[in-house]
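Given as structure tokens, the chain that follows is alone and in the form predicted on its own.
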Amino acid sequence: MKRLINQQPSKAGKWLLGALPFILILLVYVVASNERLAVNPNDKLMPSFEAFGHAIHMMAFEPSKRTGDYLLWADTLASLQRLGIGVGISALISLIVGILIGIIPLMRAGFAPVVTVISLVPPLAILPILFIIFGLGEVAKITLIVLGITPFLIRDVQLRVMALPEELIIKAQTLGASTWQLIVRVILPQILPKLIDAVRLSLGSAWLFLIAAEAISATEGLGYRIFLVRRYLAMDVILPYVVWITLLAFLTDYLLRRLSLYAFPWQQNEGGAK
């Protein structure tokens, strides 16, 4: 008899085991919702799926009477733009600074302590400061995302660079590679797939900072909409928005994983893009 640690599920078994928790959650929700609605048909805490369908249709397929926009899609576009700009800036800064700190001892001595201290500052604690400095526009929201995930990404890239085999660096220098050539031809190809993995891990935090900023100061966005309708206890809108955010995050993670596998196929065997 195989030990439990050595038993592998089939492909169908993986799908079944992966879907089982979601099925159980849905069943629990349906039972609890039916019980609450049987006692109070106007209950807003756990709406029926019919109420969800009506709310989704209203938000996604009916133009707003005030603005004329389809609110779900307008909110999605606004949030994805902020998220994309913030994560893109963070990735670029982290790639440059992380490599320099990781490979150049003088840079590491001068900047690593600062990055470490900044990474320990709770980003949400400085959100009011950002609004005071940058105002209530887009810059403050994007800056919060950048400040929230960039220190983590820099430290991750730095550690990945420092973890590269020393023999690799020595051989490149023996063959006459300059510091710039060493970074571009040896380190960069090794670090880029690791950076994509780090960005994937930081997506949850990026969404958190985005929603927090939108909840405080925005006129459109997924986080703004959730906090706007909460005053009406509109769970038929809030829960679909939460599910939609989760699906967007999952899709982004999946696309980044596919990008890593496509651009750096050798990493698949090394476990760098899972």
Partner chain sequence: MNNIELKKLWKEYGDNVVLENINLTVKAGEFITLVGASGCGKTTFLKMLLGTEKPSRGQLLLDGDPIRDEPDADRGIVFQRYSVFPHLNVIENVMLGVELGESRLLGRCFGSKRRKVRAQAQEMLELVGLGHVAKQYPTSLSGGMQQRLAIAQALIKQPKVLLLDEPFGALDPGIRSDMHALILDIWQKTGITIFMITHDLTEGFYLGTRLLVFDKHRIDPDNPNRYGASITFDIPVADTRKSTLDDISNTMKQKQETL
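Residue numbers count along the first chain shown, from 1. If you're wondering where the values come from, they're calculated on a predicted model, not measured in any experiment.
This protein has a second form, the form predicted together with its partner chain, left out of what is shown; the following refers to that one.
- In the predicted complex, its partner chain sits within 4.5 Å of a heavy atom of Trp180.
- Using a 4.5 Å cutoff between non-hydrogen atoms, Ile133 does not count as a contact of its partner chain in the predicted complex.
- A residue is said to contact a partner when one of its heavy atoms sits within 4.5 Å of a partner heavy atom; Thr174 meets this definition for its partner chain in the predicted complex.
- Although the partner is absent here, Gln190 sits close enough that one of its heavy atoms falls within 4.5 Å of its partner chain in the predicted complex.
- Think of it this way: in the predicted complex, its partner chain has a heavy atom of just one of Val184, Val117, Ile96, Ala109 within 4.5 Å, and the residue is Val184.
- With the partner omitted from this view, the residue of Pro113, Gly204, Pro128, Pro165 that lies near its partner chain in the predicted complex is Pro165 [heavy atom within 4.5 Å].
- Checking 166-174, 117-125, 67-75, 141-149 against its partner chain in the predicted complex, the stretch whose residues place heavy atoms within 4.5 Å of it is 166-174.
- Contacts to its partner chain in the predicted complex (heavy atom within 4.5 Å) from stretch 146-164: none.
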